[in-house]
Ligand SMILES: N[C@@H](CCC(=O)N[C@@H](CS)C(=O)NCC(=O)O)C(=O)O
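Shown here is one chain on its own, the form predicted alone, set out as structure tokens.
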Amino acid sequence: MYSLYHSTGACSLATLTILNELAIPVKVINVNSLTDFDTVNPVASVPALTIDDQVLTEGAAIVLYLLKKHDNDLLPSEPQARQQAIEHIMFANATMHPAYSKLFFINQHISNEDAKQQALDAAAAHINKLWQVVEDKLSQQQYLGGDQPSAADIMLAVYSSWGAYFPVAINFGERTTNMLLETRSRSSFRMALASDDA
């Protein structure tokens, strides 16, 4: 039995969506109800996934573990396409996610409002450049995964909502907007969101 340590709206939402895509039963544990989550994951960040007595951490590593272990259409078997899919996962996790994380850091640690807004605007400008990279990648296909969503599309669909927490302008191209809407409309994503509301 899998247990996913999750926080509402956090990047663990992507892990939960992928578990739903794979039709894997999972117990969802909201870390906000725990006082000792650091005994599960010493850095106290989500997601963490337990499988019996094994604890997996780091979102991208968990996603790749699940996609390699379970039959799915999210990770291609053809070597070149598989490598491209892994690169997209790493772009989402190691490039886009940290770019958004800067917004949270700035908002929490800069008290001067003018300086804070300038820093937020600079971080948002960088995020917009990254979304343009996504828009360019979608020039010949509906999703990063081709004609169907990939794990990276799911991850990006989660991160894309985070800009709404800040007074910044995050711009999505037309193709990116369509990809995000279609990804969020999948039953796996809606089921994960319902877990947030439970």
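Quick note: we count residues from 1 along the sequence shown, nothing fancier. All figures in this text were calculated on a predicted structure; none of them were measured in a lab.
Not on display, but discussed next: the form predicted together with this ligand.
Taking A44, V133, L34, I51 one by one, only a single residue has any non-hydrogen atom within 4.5 Å of this ligand in the model of the complex, and it is A44. Of the candidate stretches 109-117, 91-99, 73-81, 124-132, only 91-99 has residues with heavy atoms within 4.5 Å of this ligand in the model of the complex. Although the partner is absent from this view, G59 contacts this ligand in the model of the complex, with a non-hydrogen atom inside 4.5 angstroms. Shown alone here, L180 lies farther than 4.5 Å from this ligand in the model of the complex, counting heavy atoms only. This ligand is not drawn, but in the model of the complex it has a heavy atom within 4.5 Å of C11. Interface residue remark: F172 is not counted as part of the site for this ligand in the model of the complex, having no heavy atom within 4.5 Å. Contacts with this ligand in the model of the complex, taken as any heavy atom within 4.5 Å, map within 151-165 to W162 alone.
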